[in-house]
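Single chain ahead, by itself, as structure tokens, in the form predicted on its own.
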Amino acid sequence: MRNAYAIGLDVGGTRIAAGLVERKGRIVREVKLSTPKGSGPFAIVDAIVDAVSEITSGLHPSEIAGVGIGLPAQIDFTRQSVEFCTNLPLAGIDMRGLVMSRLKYPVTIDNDGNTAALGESRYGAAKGIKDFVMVTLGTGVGGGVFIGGKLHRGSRGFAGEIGHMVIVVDGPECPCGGHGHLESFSARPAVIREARAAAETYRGSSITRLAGGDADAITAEIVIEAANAGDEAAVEVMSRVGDMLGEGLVGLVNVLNPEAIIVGGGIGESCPMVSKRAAGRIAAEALAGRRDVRVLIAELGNDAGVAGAAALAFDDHDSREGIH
């Protein structure tokens, strides 16, 4: 039986989005809420269960293929276990088992970069593209890799951790504990760190003004707003984000020779100069024959993770049922 809907959840460091999704990718119901990250993993499970209950109200269980959940974590996809999680207290927690014990549907979990890539591949900017790299810039830096039309998960499902490529040896500490990773330069905390440093000088005064005169109130969104308006200091901060992203992507372009790079996430989609600067670095530094790679902005926005997680649930259901 080809069920009409699947439930997709995109669990991020700051918010959880849940959607009731049709097979063609249309989200017919959606709920968004703040991630209760300060209350431990069981509060996150409660939030997931409550969101699913809300969007499935009035539906019969037979209409639902299953639940797909994208987590900001390293997922052993074969074992369906959370091995490591930088921004939420989920490491070692049986998220799949906990959620499934409280819902009447099958549950599949994956890394949120993979689900975003799956969403863009199935329904968005990467539709019809067999070889591409997806990179998401938000609270962290995630990613997903498609090779030959299939999501490449690696031997245990850990592939695609683009945010944890080393860009600068002995660089700033990354939330994962490493140093000089791409996430240390291109995620939301890095934007805030650089903007606060700029705010200590006259050149950063407009950023401080937008934050109400309080440097501690500076957010990535404020910096992006200022950069998009042409503020010199903010442009400098966001240009560096794009340059460092480009440095990382050059290596991936040289190794994988993708047809396209898809840039998503709240930062990637709201600040066009980031992808433009990254594209410039690729054009300048990638090996011959690879510089024609297209750098595209994700089309699904914040819905990519939800749609991709739902696609994951549909695929899992159809695999169990022997449907191709």
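Quick note: we count residues from 1 along the sequence shown, nothing fancier. Quick caveat, the model's predicted, so the values are computed rather than measured. We call the rigid core whatever largest set of C-alpha positions still superposes within 1.5 Å between the two forms.
Below, we refer to the form predicted in complex with another copy of the chain, which is not included among the displayed structures.
Peer 1: Within 4.5 Å, heavy atoms only, which of 131, 236, 94, 221 is in contact with another copy of the chain in the model of the complex?
Peer 2: Only one listed residue qualifies here, and that residue is 131.
Peer 1: Using heavy atoms only and a 4.5 Å cut-off, determine which of 229, 147, 217, 197 is in contact with another copy of the chain in the model of the complex.
Peer 2: After the contact test, the surviving option is 147.
Peer 1: Please determine, with the chain shown alone, which of 96-104, 117-125, 186-194, 166-174 has non-hydrogen atoms within 4.5 Å of another copy of the chain in the model of the complex.
Peer 2: It is the stretch 166-174.
Peer 1: For residue 225, is any heavy atom within 4.5 Å of another copy of the chain in the model of the complex, or not?
Peer 2: Output for residue 225 is no: heavy atoms all beyond 4.5 Å of another copy of the chain.
Peer 1: So, residue 203 and another copy of the chain: in the model of the complex, are they within 4.5 Å at any heavy atom pair?
Peer 2: No, residue 203 sits far enough from another copy of the chain in the model of the complex that none of its heavy atoms falls within 4.5 Å.
Peer 1: Contact with another copy of the chain in the model of the complex for residue 289, defined as at least one heavy atom pair within 4.5 Å: yes or no?
Peer 2: Yes.
Peer 1: Residue-level contact is defined here as any heavy atom of the residue lying within 4.5 Å of another copy of the chain in the model of the complex; does residue 257 satisfy this criterion?
Peer 2: Although another copy of the chain is absent here, residue 257 would touch it in the model of the complex, with heavy atoms inside 4.5 Å.
Peer 1: Would you give me the residues of 229-246 that have any heavy atom within 4.5 Å of another copy of the chain in the model of the complex, in order from first to last?
Peer 2: Just 244.
Peer 1: Any chance the CA of residue 86 moves 2 angstroms or more between the shown form and the other one, core superposed?
Peer 2: Shift at residue 86: 2 Å or more after core fit.
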